[in-house]
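Shown here is one chain on its own, the form predicted alone, set out as C-alpha cells.
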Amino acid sequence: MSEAGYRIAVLPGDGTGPEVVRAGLRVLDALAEGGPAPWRTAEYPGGAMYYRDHGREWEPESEAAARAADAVLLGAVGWPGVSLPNGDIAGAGLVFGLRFGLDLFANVRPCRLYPGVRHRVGGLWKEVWTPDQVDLVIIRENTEGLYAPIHGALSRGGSTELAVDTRVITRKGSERVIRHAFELARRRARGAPEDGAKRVTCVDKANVLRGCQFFREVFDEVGAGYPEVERESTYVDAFTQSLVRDPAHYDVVVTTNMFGDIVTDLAAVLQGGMGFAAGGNIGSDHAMFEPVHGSSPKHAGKNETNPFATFFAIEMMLRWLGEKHADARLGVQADRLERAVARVLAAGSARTYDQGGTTSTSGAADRVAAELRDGERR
C-alpha cells in the first residue's frame, strides 16, 4: 500500500460493465464517508469497443497500471461482432492477460442465497431452496486445463478441417488450487449447511480422463494434510444433479478449469441468477474481482442490470486486501458492506428486472449507499 492507500485499478470494459462499475464505485464511495478511505481508485479504458475504435484492446500504460495495482476491479468485456483477426473475442486480452500474466491461479465463486432474493429453481419465482440451505464456494483452477493457450486449427483451401484444444493438468497447478480450497474450508466458520462439516469436494471425470485421475491423486495427497477437513470426490455429471438436488451438502468445491466454468454458472441459479454471482481471480500476490455476468449487450445503456454481483465483488476484494495485508480496517468495511446489502435484499426494496422488480442499476446503488449511511443507526 502506498501512502495514498491501496491502489485499485478499475477496468469498466464493455456493455453493462461501465454501468455496474459506476454502481459499485458509488457504494465504495459511500463506504468511505465519514473518514479517509484506505484505498484509491483509477479507471482505465479497454475492451472490445476500445479495440474497435483504437485497434488495440488497451493501452500499455493501462496494462502496466493494472499489473502494479493492489487489486483490480473488472466490469465486463466483449461485444457482438468485434473480434481479433484470429477470431478470438476482442477484450478478452484484459481478462486472460491479467489471469495468466499475474498468475491468478484460483477462480473463487461464492454461492450464497440471501434472504429476500428470489430464484427460479422449480419454476418462475417458485423457491425450492431457502437461504439456510445455500452457502458454498466453488474454486476452479484458473490458468491451465482446456483454457491453456495450446490450441490450433488446420485449414486448407480456405476451409477449416481440424481444430485441436489440448487439456493441460500439471502438479503445480493442481496442488496450489486444491490447497487454496482446503485452506478456505479450514477458515469457513459455518461449514456445510446440512451438517456443519468442513468439507472439500473434488469434482472431476476421473472415470474417463487421465488428467482428472491425476487431479484426484493430487487432491488426496493434499487433503491428507488437513485431517480436520472432510474430503470427498464426485464425477462432474453426478455433481450437476446433486448440486441442485442437495446444495446444503456442499461447503467448498474444487475442480478443473472448464468444469468449473460450467458448474459455477449452474450454481448461480441457486443464489438468484448471474446478477448475484461475483468472482475473484486470486494469485499469491495479485487478484482481480468481477461480476461474472458478462457485458450483456441487450441490456447495455438501459440502466437496468442487476449490480449486486458487483457489490459482492467489491466485498470480496476488500476481504482479500485485508487478509493479504493484515489490515483489519478492510475487513470491517467488507462486513459493513455485506450487512448493508443483506438488509436491502431482505427488504426487497431494490429488485431489478431479473428479480421481477423495476429498480434501476443506479437506484439499487443509491439504496445500498443510503443503507450504509443510515442503516446502522437504526
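Quick note: we count residues from 1 along the sequence shown, nothing fancier. Everything numeric in this text was worked out from a predicted model, so none of it was measured.
Not pictured, yet referred to below: the form predicted together with a small molecule.
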query: In the predicted bound form, Y147 touching the small molecule (heavy atom, 4.5 Å); finding: yes
query: is_contact(R216, the small molecule) in the predicted bound form, heavy atom dist at most 4.5 Å; finding: no
query: Distance check, E290 to the small molecule in the predicted bound form, heavy atom within 4.5 Å; finding: yes
query: The small molecule contact at R99 in the predicted bound form, heavy atom, 4.5 Å; finding: yes
query: Partner-facing stretch of 237-245, 290-298, 168-176, 149-157, counted where any non-hydrogen atom is within 4.5 angstroms of the small molecule in the predicted bound form; finding: 290-298
query: Answer option from E230, D135, E304, D261, heavy atom within 4.5 Å of the small molecule in the predicted bound form; finding: D261
